[in-house]
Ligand code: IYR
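In the form predicted on its own, a lone chain appears below as structure tokens.
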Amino acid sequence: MIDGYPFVSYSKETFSDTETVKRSREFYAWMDSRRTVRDFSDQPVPREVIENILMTASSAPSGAHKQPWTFCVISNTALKTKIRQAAEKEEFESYNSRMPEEWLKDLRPLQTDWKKEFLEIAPYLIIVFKKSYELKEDGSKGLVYYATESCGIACGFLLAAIHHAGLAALTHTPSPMNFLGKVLNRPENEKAFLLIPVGYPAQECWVPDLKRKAIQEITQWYE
């Protein structure tokens, strides 16, 4: 108990330098094999798997431990179709009038377009909603802190958990995403943050042959 608030002892297993290097290398190699997938199988995924990966996501740190997120999970066929239709409407506008030529050029190596079949094929759609404020029982508004950063970290945890479970995912951000709140009838304090189709990859699944930046390109050391 510290200043009247309960605390618990934190005890984390540590390893030798050799084992720590080995574990960090192995985890990097595993995560480096993760890829964004657009070709999904409709093979069912046990609900417990989805629940476990969402609990992993919810273990992420958040500002003042407010946990400013809601994970909406959609498996209903009719609802997935409705989401696809609304998403493709926005995406068509983006690809044909909103995106500047430089953006379209950057997307060409990925071979993406406004058609989003995966929104109906993947067995689950997980839509992460960010809470801009809390809604208290008396109807008043409560503060949340660093909601964007907190949701971003939670989504990172979520993608790692999906990969660890042997599933595939896509980070989809149809812009604007306001239609998702309307389709799912979410409260006014929630804004769609990320749409993630989740499932097994299709038996024949192709991904772009991309190269990640080298360590020298992404780091600056001050020693």
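In case it trips you up, residue 1 is the first one in the sequence shown, and so on. The structure displayed is predicted, hence computed values, not measured ones.
This next part talks about the form predicted together with 3-iodo-tyrosine, which is not shown.
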| item | value |
| --- | --- |
| 4.5 Å heavy atom contact, Y145 to 3-iodo-tyrosine in the predicted complex | no |
| Close approach of T112 to 3-iodo-tyrosine in the predicted complex, 4.5 Å, heavy atom | yes |
| Non-hydrogen atom contact H172 with 3-iodo-tyrosine in the predicted complex at 4.5 angstroms | yes |
| Non-hydrogen atom contact L79 with 3-iodo-tyrosine in the predicted complex at 4.5 angstroms | no |
| Partner-contacting position among L135, I153, A86, M99 - heavy atom within 4.5 Å of 3-iodo-tyrosine in the predicted complex | M99 |
| Joint contact, E91, Y95 and L107 to 3-iodo-tyrosine in the predicted complex, by non-hydrogen atom at 4.5 Å | yes |
| Stretch from 64-72, 153-161, 41-49, 172-180 whose residues place a heavy atom within 4.5 Å of 3-iodo-tyrosine in the predicted complex | 172-180 |
